[in-house]
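Take a look at this single chain, the form predicted alone, given in structure tokens.
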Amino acid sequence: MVKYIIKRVLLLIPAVLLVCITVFLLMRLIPGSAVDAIVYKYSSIGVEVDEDAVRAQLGLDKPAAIQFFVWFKDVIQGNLGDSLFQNKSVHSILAAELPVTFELGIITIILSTVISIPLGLLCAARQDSGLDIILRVIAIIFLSIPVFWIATMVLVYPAAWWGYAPPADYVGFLENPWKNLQMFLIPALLSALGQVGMQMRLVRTQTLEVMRQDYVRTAWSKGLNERTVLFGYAFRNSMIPTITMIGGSVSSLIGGSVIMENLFNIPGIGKEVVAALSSRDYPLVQGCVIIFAIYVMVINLVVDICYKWADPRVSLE
């Protein structure tokens, strides 16, 4: 396994290089530029700005290839650059806002996993019963309704009927855990709905498939109780697809939070990236995408290792 991990870590190098080239090119292909955004910002308050001077100050007057190699050299040294509009380093912005996004994502993953796996096992144990049918219908509803629409309704109707709105001011967990959870629980639960629908159906399907195997029938014939058969035999051997889906959810933890962060005014990195894209803040967008890419690659490696833990028969070599 050590050789496999080293090999995967080494493969990160060309993957990160490819990500750097791609995001650099795509940012330059978007209509408009950071210079246009800066000129517009100052002209809107009646200040005249020399476009050529701004372009030279930002280093955008050089050929694109030179710009890339200058930026990539800094990235290799651990310097992601400075935001063009916030007078802060990209590193400091990520350090302040990534924990917020991770908190939202972690709560979402915990809720979706805690809800979906027991319900999926319950549906498998009570196949084609009334409860199974009702839960499957609910799962399909969760998958069908856009989460942004549900979130909008949750914001609009409680405010109109009861005058309630989720807290809009961020409070750190260590500062006030209860107020912090008040801000995160509702968007995390809404984000988890779609994942609950998918994971519950997957757990049910995979568990039913395993329960038809001969060794499970043998376990039943030995007189083992339902809980032992369900958790000790059926679920354990159906975990590979479930781990894959949960791993995919964890990988999209950052990008999937963009909608909720904007709707619920959560100061996370997803909201920051949307603002940076609209203002063409090249260093901030590029730095965030690199961190996102490395994060996804590491999560995929962890998922592969979890395969080995869930099923010792899996070979990683």
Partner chain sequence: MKEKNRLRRKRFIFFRELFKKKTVGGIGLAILVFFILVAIFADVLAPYPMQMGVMQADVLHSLQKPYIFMTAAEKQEAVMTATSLGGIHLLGTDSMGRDTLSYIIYGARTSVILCLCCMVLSAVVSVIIGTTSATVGGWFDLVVQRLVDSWLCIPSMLVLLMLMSMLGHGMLQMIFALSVPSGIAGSRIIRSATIAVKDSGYMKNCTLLGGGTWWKIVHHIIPNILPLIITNMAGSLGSVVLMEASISFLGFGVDPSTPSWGYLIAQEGKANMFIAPWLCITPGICISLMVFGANMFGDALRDLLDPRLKGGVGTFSIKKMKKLAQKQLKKMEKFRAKQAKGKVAGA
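Positions refer to the first chain, counted from 1. Remember, predicted model here, so these are calculated numbers, not experimental data.
Another form, the form predicted together with the partner chain, is not on view; read the next lines as being about it.
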With the partner chain left out of view, which of 106, 189, 131, 143 would have a heavy atom within 4.5 Å of it in the predicted bound form?
143
In the predicted bound form, which of the listed residues (117, 125, 183, 193) lies with a heavy atom within 4.5 Å of the partner chain?
125
Of 109 to 117, 212 to 220, 94 to 102, 78 to 86, which is the one stretch near the partner chain in the predicted bound form, taking non-hydrogen atoms within 4.5 angstroms as near?
212 to 220
If the criterion is a non-hydrogen atom within 4.5 angstroms, does every one of 262, 274 and 277 touch the partner chain in the predicted bound form?
yes
My question is simply whether residue 70 lines the interface with the partner chain in the predicted bound form - judged by any non-hydrogen atom within 4.5 Å.
no
Taking heavy atoms only, is residue 38 within 4.5 angstroms of the partner chain in the predicted bound form?
no
Can any non-hydrogen atom of residue 13 be found within 4.5 angstroms of the partner chain in the predicted bound form?
no
Partner proximity in the predicted bound form: residue 49 to the partner chain, non-hydrogen atom cutoff 4.5 Å
no
In the predicted bound form, which residues of 132 to 157 put a heavy atom within 4.5 Å of the partner chain?
140, 143, 144, 145, 146, 148, 149, 152, 153, 156, 157
